[in-house]
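Have a look below at one chain only, the form predicted on its own, in structure tokens format.
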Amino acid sequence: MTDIKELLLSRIRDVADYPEPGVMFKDITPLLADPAAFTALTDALAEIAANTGATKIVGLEARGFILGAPVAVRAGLGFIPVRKAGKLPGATLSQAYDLEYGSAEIEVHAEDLAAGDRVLVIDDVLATGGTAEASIQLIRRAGADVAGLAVLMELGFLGGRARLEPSLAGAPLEALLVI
């Protein structure tokens, strides 16, 4: 696992003062552009999906789509996008949540999740945990079980893990990198 961590870290670029002064943005586009690194990431997340007994993958808009879709293909599972409100046609379930300044809302197609589904949520970064927490609530409201949450990197200093532990109710939170 050390080798994959080194590979992944070597392909993540720090961008100072983006999107605002004082923020060190973790840019994953160099990782996505490197086929060996992207394949290693996909394989590691697909292994987590297998270990959790997931039957479906949920990817959180937008980078969770980029990571989650190839994981679903590799693991032989269905992929379900969780989108910002108003982006999906047809019947949806929605979940509002609070942000640092204001609120947001996410949605999923109502028919894509059902009782008996075990869902692994995938995203690129776990920061404060607000979007992930809302997705967990949304999955459960649809009648499915949460198999776990897997992320490329966790920004440990922002406290997202502590926020999510009650919502996860014992389901694993796997971060390939903790920063």
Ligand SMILES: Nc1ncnc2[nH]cnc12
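The first residue of the shown sequence is 1; numbering continues from there. Heads up, when I say rigid core I mean the largest set of C-alphas that superpose within 1.5 Å between the two forms. All values reported here derive from a predicted model rather than from experimental measurement.
Just so it is clear, the following notes concern the form predicted together with the named molecule, a form of the same protein that is not shown.
Engineer: So in the predicted bound form, does Leu155 come within 4.5 Å of the named molecule, heavy atom to heavy atom?
Structural biologist: Because a heavy atom of Leu155 falls inside 4.5 Å of the named molecule in the predicted bound form, the answer is yes.
Engineer: Does any part of Lys56 reach within 4.5 Å of the named molecule in the predicted bound form? Heavy atoms only, please.
Structural biologist: Close contact is absent here: in the predicted bound form, Lys56 is far from the named molecule, nothing within 4.5 Å, heavy atoms only.
Engineer: Would you check, heavy atoms only and a 4.5 Å threshold, whether Ala127 touches the named molecule in the predicted bound form?
Structural biologist: Ala127: contacts the named molecule in the predicted bound form.
Engineer: Classify Val23 as contacting or not contacting the named molecule in the predicted bound form by the rule of any non-hydrogen atom within 4.5 angstroms, answering yes or no.
Structural biologist: Result yes; Val23 sits at the interface with the named molecule in the predicted bound form.
Engineer: Just one of 111-119, 23-31, 43-51, 136-144 has heavy atoms within 4.5 Å of the named molecule in the predicted bound form; which?
Structural biologist: Only one stretch passes the 4.5 Å heavy-atom test: 23-31.
Engineer: Quick one: name the residues from 55-77 with any non-hydrogen atom within 4.5 angstroms of the named molecule in the predicted bound form.
Structural biologist: Contacts from 55-77: just Arg63.
Engineer: Is Tyr97 one of the residues whose Cα moves 2 Å or more between the shown form and the other one, with the core superposed?
Structural biologist: Yes: Tyr97 shifts by at least 2 Å between the shown form and the other one.
Engineer: If you line up the core, does Val23 shift 2 angstroms or more at its C-alpha between the shown form and the other one?
Structural biologist: Yes, its C-alpha moves 2 Å or more.
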